[in-house]
Each structure stands twice: as structure tokens, then as C-alpha cells.
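Single chain ahead, by itself, as C-alpha cells, in the form predicted alone.
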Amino acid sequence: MCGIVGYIGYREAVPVLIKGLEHLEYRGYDSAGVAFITQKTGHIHVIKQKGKLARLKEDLRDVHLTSSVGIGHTRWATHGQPSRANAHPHMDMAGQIALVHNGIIENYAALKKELQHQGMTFQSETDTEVAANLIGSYYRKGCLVEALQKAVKRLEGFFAFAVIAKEEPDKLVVFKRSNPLVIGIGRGENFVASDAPAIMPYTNRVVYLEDDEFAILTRQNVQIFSLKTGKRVKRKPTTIHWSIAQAAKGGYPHFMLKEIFEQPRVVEMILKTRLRKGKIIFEKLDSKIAERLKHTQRIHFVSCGTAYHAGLVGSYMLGECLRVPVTTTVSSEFRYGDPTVGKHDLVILITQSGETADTLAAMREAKNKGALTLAIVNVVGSTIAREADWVIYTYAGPEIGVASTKAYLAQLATLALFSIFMAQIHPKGKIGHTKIHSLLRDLSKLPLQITETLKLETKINACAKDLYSKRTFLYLGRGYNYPTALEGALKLKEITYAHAHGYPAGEMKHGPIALIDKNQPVICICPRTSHTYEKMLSNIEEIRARKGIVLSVATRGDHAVQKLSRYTFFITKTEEMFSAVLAAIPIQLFAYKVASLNGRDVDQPRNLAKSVTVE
């Protein structure tokens, strides 16, 4: 995820762009840049820098160029490591246009080869520079809109663009497909940005672009057109009533809540990127890696915290899809346990940041022993992503809340795709084409089902008001949802500071049952699709017999569970493999609501850090 800002008007453009980027840095922070057309020479001037925005601002201190039109960008890398060369904006080879981009261009490699055959050269590793050169190849003086239209019709993926042209200093052209763009309407000036905070210091009147729409911004007006019909679109501006502080969180009181509600879009983007016409696609999978995957004899998940819980779910997924042994180990235990791994083993490292010290050390240990290493990482260009034999990026976007939510669901969705992929290529795959087709069909429904599950917020809020003063909680689950119980307890501990314990439900009678009395809340994850469903019902009955307070996550319409529970949070029926994805939503919301009611610092809970870089 990246941040785009653009300006055309009577003010000095660069200060406007920098202020906008300051409000968008949460969307990306590994590099930043601006491009503007100077009034004195009419040339496009580009200044960009690796690292946080402060470094770019330092570079701009001694720049005294007048401009009234420009574009800016703060980057969260997808193609190419963080560097000045890979930073946006990008220009075409002829220096005619400058472009900033948010999203992913899936067919960039083929287009790049085509453009190279035409004699074009490239300075970066990015898909964005490919788009800039493609637009440039169609550009003729005074026809930026036409060039952009022709180019985007050839681009596959999801993206948002803002473009300026040297020969057309009186306009700023933008385009949206999937990734957000909001246009700010001023007087004698107009703005564009990825999110409202970037423009709210100047205007609260905005227009949101829809998919496959482009807009032409001048000082005096904004014209919106449909790419498909070519006709002008009339849309009245909306007035934003948030403060800038609120807008930075999209109107949500905390980043954590915003990120919980971003999960349908995150999973949808993963599926759009990885699942094409029934085929699972992973980039950077060369023939050598593919061959080693086919001959894998054992698989080890290694990770920490929430990512460890994702690994546990992944072990169930791969166990269902393959006839090979699968284990899951906490990173800090893996390294110091002298792991028995070798050249026929696959070690999967899961990490949001890609910098977790324990996981990095475990990966290096596995590599030293000859194992194939696969990193499932959110942050592009991170150490683990660079050093692993192969990396699959989750593309969840920056996660600002310390307690992981959307990164966790991104990991689960990615693991589901990888597990099905392994069933397709590995000689010991356990499931056939019919089952694979069924799994992929249900997987594609997850974004809508997550959206539906988020509607539980009001009911969960009522439950939290009833129980927020409790200081101990017990979470129970079986199979795929034993890790959900662990994750639910971890979320509650992280942000409420209450004592919470996650257990496999079958183990309750071996100790934790001693905790249960009339004051003890027990959260039971009990989807009907589970083959241990009847056993979970028995566990709930045992809790009820001891007067425990039962909160259940159950399949919609399950009146048997509802009858035994004080509160029931219904999720949509899905394949058992994906039940942990949907069951995660109510436990995230419950933890958030309890923390909020207790007045906790939800986004930055005490003693925690987003990336743990010490062992």
C-alpha cells in the first residue's frame, strides 16, 4: 500500500505535497518523493529519497523552485527493494511525464520486455516505471488523457495513478482501479490523494472516484470520465465532517479497528493477485524451487506470536492437503533445539515485519542445515524476505496497530492458497480436482463472508459491556480453531492486560476446568463444519454444568449452540479449512471492545513493539 497526493492551484505545490504526505506516511514509509513542473523552465523536477519522509524534507530544504502543480508519493514497496531508484515518482525515458502509483500491475514483466524491444531502458525494478514508459510510448503533445486511456486498457491488476506532463502544465490526470483515490475540491485549486487526511488541511469537500474512472484536474474544475463509455460522470462533492486526526484513521477511533474492517479488502486483493482463472500463481517461483517443493518430505512452520498461530492453522491446512509430516515450532525454540532438518525439508517462516530476530535466526539455522526456506512476509524488502530461498508476500499493507489483525488474516489466506497449490504439484497430494475446485470456490467467497461477519460489531459491543470488568478469560477450540483459541487469548492479553488462556477444548478436563465457576467467561469456537463439532458441544455442556459464562462462535442457524450460550456470534458456513479465517473476526472485535471499555491504549499497548528485533 502506498500514499498518493497531487495538487494544482495557486499555492506553492511542494509544501502542499509534503503536508499531504505527512498525513499519508502510515500507508508507506520506506521511501518518498515529489515531482513538480517548474514555472521558470517548464521542466519536470523530481526529488526522491529512500527512508522516511523526514529524509525527503531534508533534501528539499535547499530547493527553491516555484511550481503550482505536482504529485507526491510515500511508498510501501511491492516491486523492488526500498531504494532511491525504486522510489516514486517515476518518469518515462523521454522525460515527458511523471507518475505516482498505488497498487500492483500484474502483467508488468511482459510489458517491460515489449518496451525494451522498442529500445526503452529502465532505471528501477518497479512495475510503476513500466506504466510510466507505457503511457509515455502513447504520449503525443497535448494528449496526456488519451495516452493514459490507451495504457490502462493494457494493464492488468489493481492500481491508482496520478500523472503530470511537461507539455501540459495546466492539468493533473488521475485514474483509479480498485485502489482508492479521493479528489479534493477547492477554490482556484484542486487536490487528489489516496486518503482524505492528505487534503483536509485545505478542503473538506471531496469526490470519491469509482473503479475505471479517470479525472482531469485543473485549477478551476474537475472533470470525471468513465473509461468504459468515455462519457463524463457527474458526481456531487461530499462534505467530510471528521477532524484531521480522525481522518488519518479513516474515521475510526483506533487504527486497530480500522485494520479489522480493512480485512475484506486485504483478502480480496490477495485472491485477485494469486488466483487467476482457477489457477494459483506465485511470483518468483523458479523451476529449481518448484522442483524442490515437489520433493519435499517434511514441512516445518516456524514463527512467533500471532504468526505462530497462523503457522498452526497452516499445519492443519497442509496436513489436510498432503501426506507429509508437518510441524509447527515457536522460532525461539526451533533454533536452540538443534532441529533435525535437511535438504528434503521445507521450512516456512511467517512474519509480518520480516525483521523478527528469533525468526531470522531460525531461518539462518535452517538454511545452514540445507533446508529449503520459504518466507511468508508482509514487508517487502525486509531481511527475511531477502535471505529466504523463496518469498510470498501477503500484501496486507502497513499495519499500524501493534496487535496484529489484518496481517493475520492475510497470512491465513496466503497459507490456504499455498496448501492447495502444494496439493496440486506434490506427488503425495491427498485431495483431487473436485475437492480443489470446491476449496477454491469457497475461498473466493471469503471477502464477502468477512464483510458479513463484521456486522457482529454491535452485538459484540453489548457483550463486551457485560464482561469488560472480568480479569480472566478462557478460550477453547478444536482442530483448525484450536489456534483461533490461542489467537483470541493473545489478542485479549495484548490490548486489555487481562489474563487469558487458550486451550484445545479436549484438554479442558485435564486442568483448566478447575477455573470454571459462575464468574468465568469461556469463549468456545464451535463451527458446525468441524468434524469435532459434537465433542465441542459436550465441552460446552461441561462448562454449563459448572455455571460458566459461555460465549460461542458458531455457524449461522446453529440453535443447539445458541441455546447453551449467553452470547452467540454467528459466522457463515464455509469449508472447515477456512473457518479459522471467519472465526478470527469476532475474537478480534471482542478484544478491541473490551480494551476500549477499559480505557487501554489500543494501538500502542504497553511493553509491546510492532517488530521485535531482539532475541
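Note that the coordinates shown come from a computational prediction; the quantities given were computed from them, not determined experimentally. Residues carry their position along the shown sequence, with the first being 1.
One more form of this protein exists, namely the form predicted in complex with ligand F6R; it is left out here, but the text below deals with it.
Scanning 414, 539, 353, 496 against ligand F6R in the predicted complex with a 4.5 Å heavy atom cut-off leaves one residue, 353. 307 is the sole member of 485, 347, 307, 522 with a non-hydrogen atom lying within 4.5 angstroms of ligand F6R in the predicted complex. Although the partner is absent here, residue 100 lies well away from ligand F6R in the predicted complex, with no heavy atom inside 4.5 Å. Among heavy atoms of residue 200, none comes within 4.5 Å of ligand F6R in the predicted complex.
For the chain shown alone, residue 363 is not a contact residue for ligand F6R in the predicted complex, no non-hydrogen atom being within 4.5 angstroms. Shown alone here, residue 402 lies within 4.5 Å of ligand F6R in the predicted complex, counting heavy atoms only. From the list 169-177, 124-132, 147-155, 402-410, the contact stretch for ligand F6R in the predicted complex under a 4.5 Å heavy atom rule is 402-410.
Of all the residues from 476-494, those having a non-hydrogen atom no more than 4.5 Å from ligand F6R in the predicted complex are 490, 491, 494.
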